Structure formats: C-alpha cells, structure tokens
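As structure tokens, one chain now follows by itself in the form predicted on its own.
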C-alpha cells in the first residue's frame, strides 16, 4: 500500500483503481479483493439530512448493483473470480459531515458562485469489511465522494467487487468551474436528452451546465410576460422549454451537483426576436447574410434605441426568476457593425443621442447588466466584450475566452476572472465539415477535430503570471449544434468532454498514456448506464492498456 501524489500516480503502470475519473488529488490503495455484501447499505449520519442527498445515495446503490461492468482486462472479470470466496464483504458506507458543519441541500450548495462551492471529501474503504466512510465539510463534498465510490466497483458472476482495497482518498478540485455548454437553439433537444447529459456530467464531476438556450435561429424559451418570443420564435409549439421544463431541468441538475447558467446572447445573435418585434431588430433576414452576420439568419438588436435597452433589461429580469444560478450569461459575441451602418433607425437613434455606436453599446450593456445585478446575478460575457469593445463591465464579470487560447493573456491582463472555452481546444463541433449549402469544399471554421488528447493537454495557466493565474475559474467543453441534434448528442460529447472534467478537477499535466485506460473505463461504464459514449480504440486495445500506444 502506498500514498502517491497525483502526478506520480498518473505516471504509474495501469492498475484497477485507475478507473477513477477525474483522478483524485491523493490516493492510497491496496491489492485486496473486497466484495459488496448483497445487503450493502448507504447511510447518512446526523440530523436534517436533505432529500437530494438521500436520493443521491439511492442512485449510487442502483449504479453499484446495476452497472454490471466487468473489468477491462484480458479475460474480463473471470480473472478475479478465484479470489471471491475468501474476500471480505463490505456491509455499509456511512456519510457524515465534519464537526461543526451543517447540512444544506446539494442543490443549494451547487448553485453558489463557483469560488464559494466546497467540493472536497475524504473517502476510506477498509479491506477487512468494516464500514467505509465519506466525510466532508459540505453536502456537495459528500456527493462528490459518492461519485468516486461508485467508480471503484466491478461485477462478475453476480458479485460486485473491487481488487484495490483498502482505499483512502483525499480529494478536492483544482478549479471551481468545470462546465459543458449545449446550444439548444440551432437544433432543439428534448428535456430527456438534457437530463441524460446532466447525469453523464455528474459522473465525471462537471458542475456547470452552460445553457445556450436561444439564438438567431430559434427562441424556444417560454419566458413569463414575454411568451410571444417563443410563440413566434420556436421551431414548433412542441419544441419549447416551458417554465415547468426549466424548473425540472434546474432541479434535476442541482440534485446532481450541477448549476445551470442560462445564456441570452445579446445584442448579436438575436434575429429571431424580429418574429415577435421587428421594430427591435436591425438587418433582419438581410441578404447576402454573410455581409451582416457570421451565419444565417442575419439580425441584431437595435441597441442604440432606449426602448430596446429597456425591453432587454425587462426580459433579463424575467429570466432571472427562472434560473436560481448566481451566473447569467449575456453573450456579446460576433457583433456585426456593417449591419448598423446601413440601418436607418439605428443611425437616427445615434444622431438623436449624440452617441457613437460604441458609446451606445456601453449604455446598453450597463443598463442590462444592472438589471441582473439588482437580482443578485453575476454577468458572464464572451471575450469580445472585453477585448474588442470599449465598454464598462463590473470587475466581478466573468469572461469566456473562446476565439483562441492565445487571447487568455489579454483578458487576464485586464483583471477579469476568466473561463476557458477556447475553440482551438474545447469545441466539440470542430472537424465536422462545412454545413453551409452549395459549398462542397467548405470545412468547419475551427478545423481540425479536437481529440480528447488535445484538450487533455491544455495548460490553463500558460503564459500567465502567478497573480493572473488566480483569475482562472476553470473551463468547459462546448457543443454548437449546427450539425448536431438528439441523434448524435451522446457520441459527439462523450467521452471527449470528460477530458476537460479531469483537467479542471485534477489539474494540468496529466499523462495521456496513463489516462487512456481510465477513459476507456468511463466510456464502458457510461454505456452500461445508458449513455452512448463512443469507443476510443478497438476493444483489443482497451483490454491491453498501452499496447496500442504509438511507441508500443
């Protein structure tokens, strides 16, 4: 039995306990076989235990006995069967808070600002069958410990077991924000698909669902007081997210330790609002679309008009009531100034106010962000709002760096907290070929395909000073859905998105050769749980760790 720090552990030869994903910060393991007793129970010590923690314990038990995943070794679980008769049986796992801590719901703790979340935990599994324990200072930490516990076990011949007892883990995330963005505007995703994705996110400790819910193509969100936007902007009456749907998704996510950050992208990416309010949108459906927008259809808010500013501020206020997250993304990317130069109402508004377009954008941003801040929300913007425009943002604004990882330094130098979302590492849609019609030689703008190995190799603090590095909140994978829908959701996201989950939990510098066998395990376990993650290699390779490395 040995205690190893993360970097050393990742460099060791493959062992069964390395199925853990993300890799814990510190882990001590043995080589004894330990069975789960058929009567195994998970209990929570203390008073006032929240219902979502009890539900999580119930789900964990279902996974333990329902995964039926055999170890990924030649011979699978049969190689372990001779050890079963003499193996001790674990009867119980007890969850408890550290002295002085008190229970809150998983949901309420997950919905705090990222830097205020406490996800640390301590897991102990003795080899002699005496009770296993998870302790933490927070309910959220206990939940993360449950997730780790569920990854330690395999099944063969109706026996659930581990071959790595005893186990001691001390763990906490390197970064507080570990996200996944899903665009549900280019193509619609039913609630069931979103929930399945949330489940998968929770299994690798992703804690932030960035919901890019509306865009120029559709407005599927039914906002109380603004229902005309979805009535006229959704693809159909059946392709909407009602208030009940949103509450369902937010609740489902929260119970799995995931916060839901909604994005209402403005002032660009808003062509669809013209269906309900044509007077608020410049260049609506203008052609050729490439002159006025990055993709069809063209159309942007007439933000120089004070009535439009008031309308969006009121819309934001209404949406804040639907999403309890402290974070609210207002977008701000890809603003096309050509559109406004030919839009007479915008030119008239600028002339009447005596402002430039940039000054009008500043007023619009300040007023709409003020509406959020009054409701206790922290604005999140795309990088252009910091790097391309001269506007006033509160210093607590979070910035998503997406155009290129090379732009991280410039954002950090301006003193803003930042979230890695670089297209050159984390865009899941890259490499899918061009989707614009009548253009047979077209490619995706962010070619090539971004492999899990590429994103796993990312350095979150590259070229940053020690002080600038403190501004990094974490990062996320992103799926823009011009060429994706429910049909390929699982396969395009998983297990690639798990690579950033580990990067931002365990920290940078992980060994790719050591990670691959563990990521195989993620894919296989996901499939056992109903998420159709793709295979990373032929199964022959998955059963023989590192045998298919390029230098093997």
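Small disclaimer: the values here were computed from a predicted structure and weren't measured. Positions refer to the first chain, counted from 1.
Quick note: we don't show the form predicted in complex with a further copy of the same chain, though the next part is all about it.
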- Query: Applying a 4.5 Å heavy atom distance criterion, does residue 32 contact a further copy of the same chain in the predicted bound form?
  - Reply: no
- Query: So in the predicted bound form, does residue 20 come within 4.5 Å of a further copy of the same chain, heavy atom to heavy atom?
  - Reply: no
- Task: Give a yes or no for residue 239: in the predicted bound form, does one of its heavy atoms lie within 4.5 Å of a heavy atom belonging to a further copy of the same chain?
- Result: yes
- Query: Applying a 4.5 Å heavy atom distance criterion, does residue 435 contact a further copy of the same chain in the predicted bound form?
  - Reply: yes
- Though a further copy of the same chain is not shown, can you say which of 91, 285, 244, 392 has a heavy atom within 4.5 Å of it in the predicted bound form? 285
- Message: Can you pick out, from 224, 431, 415, 131, the residue that has a heavy atom within 4.5 Å of a further copy of the same chain in the predicted bound form?
- Response: 431
- Note on the structure: Within 4.5 Å of a further copy of the same chain in the predicted bound form by heavy atoms, the stretch out of 59 to 67, 24 to 32, 511 to 519, 41 to 49 is 511 to 519
- Pull the contact list for 293 to 313: residues with a heavy atom within 4.5 Å of a further copy of the same chain in the predicted bound form, in sequence order. 296, 297
